[in-house]
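Both blocks below hold the same protein chain, though in two forms, and each is given as structure tokens: structure 1 and structure 2.
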Structure 1
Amino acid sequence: MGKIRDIDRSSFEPAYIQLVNILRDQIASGEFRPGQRLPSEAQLCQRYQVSPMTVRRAINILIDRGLVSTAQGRGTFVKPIELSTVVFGLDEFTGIFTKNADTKVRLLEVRIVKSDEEIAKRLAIDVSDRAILIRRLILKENEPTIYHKEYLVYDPTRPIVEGEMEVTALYGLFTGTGETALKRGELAIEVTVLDEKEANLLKAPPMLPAFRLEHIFYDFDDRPASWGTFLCRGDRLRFTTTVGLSVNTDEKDIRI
């Protein structure tokens, strides 16, 4: 059935990548079924005329991708698909910012506020300490799609304030080109329905279901720097992913 492939030493593709793709194809074609053992690493060295380190590297990549698992002294085994390994990216969400240039960020409000109890708690400051409130509307093809509300710690000595004030500051976060003052973030996704005010801003019917993406970002001193939420119309967003051997990779093979 599947024609036997060798590793092409003249290819621009590294040997370990070629080996990953060969093994992946053998799993995808059903030649190696879930639960079955792969040839031992020594056998793969022999068969494909590569060194143990090269085989090992290929196997490690297959482990990373959840296709196989190894057991010392026993062998390498094909894994059945498993829902608990599934991950969803924010591609569909961040794509709104980056894909087309047809995305506009409209600054609705920038204001200094006295923090209430919740703001103080999230930003680890004292109640009635000052914070900066920023409200933005993100438009996709001139249609309001995401409403963003964010509180920033007000501290002139901390550089993040300057950067975040700009309307385009969001862009860096999404593309990884901008903000370097943030060390880490915590994110959560919930479902909600739009209240009247939110629906108004998003030109949507009230009670429309929506995604709520909450975020807290911390600086390198582990102090909260920003707390806020993105509110995204549920009818304009849908997160998708695959588990197991996605059919797309059959053509393109994996990238380095």
Structure 2
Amino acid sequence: MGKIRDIDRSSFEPAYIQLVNILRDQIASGEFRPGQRLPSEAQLCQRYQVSPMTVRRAINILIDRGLVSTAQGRGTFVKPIELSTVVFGLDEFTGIFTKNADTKVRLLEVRIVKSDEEIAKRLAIDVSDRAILIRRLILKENEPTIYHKEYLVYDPTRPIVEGEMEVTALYGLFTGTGETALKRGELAIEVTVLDEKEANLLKAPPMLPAFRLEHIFYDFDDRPASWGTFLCRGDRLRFTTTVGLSVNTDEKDIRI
């Protein structure tokens, strides 16, 4: 059962935030289970000696966090686990790009190419227009882990081209640090197998399962700036997430 807590009147933390954290703890501990109705607004007001407005603000935050839902005329209910809403982050993937001595980027090729139909379509340019091809390997503990291939619009006046040449560009891109001339991006992940050339680069057996992360990044004029793929060995990357709410979660209490 959840630990008994009251609203601390001497705290600088607003009462509605304290109430959110109290109810969240009760849900995490199983005191209120999925599908079970929470105490009514009047009951919460009486139990914690708070105003109806305080209760409503707390319930709205719990709704926004996906912990409860309301039914007109019936009350507020703890939401069950919904696997369809599960989100997998790229934490493990981005962890490969951590800025330390274990991660290195090896530049394989940089050259100007004429765009074919696929490149032209992705970069919104004409076929045979020039584009910049960049190929590189990302090594973790000196082992090839990711093969990156991308095409950039050829325009010396666009700072994104020069920025992409820097080794630190990948680190900044995936960690949100550093400067960037990119406004937004689109990512898609699919499962594939390594062909012979890709396997040789990643020192892996041919036909080894791999993750293919395709990206298109746009500049602040909403024009495509780069298109490419990250190819990662399937035996060196896993996507994990947590479903539901745990009493021992590392998630901090809600603060102002």
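Keep in mind the model is a prediction, meaning the values are calculated, not measured. Here, a residue number simply tells you its place in the sequence of structure 1, counted from 1. Under this definition, the rigid core comprises the largest set of C-alpha atoms superposing within 1.5 Å between the forms.
- Structures 1 and 2, same chain in two forms; the form predicted on its own is found in structure 2.
- In a rigid-core overlay of the protein, Tyr48 has its C-alpha displaced by at least 2 Å between the two structures.
- Comparing the forms between the two structures, the C-alpha position of Ala71 differs by 2 angstroms or more, with the core used for superposition.
- We note a C-alpha movement of 8.0 Å at Phe12 between the two structures, with the rigid core held in register.
- CA movement of Pro39 between the two structures equals 3.0 Å, with the two forms superposed on the rigid core.
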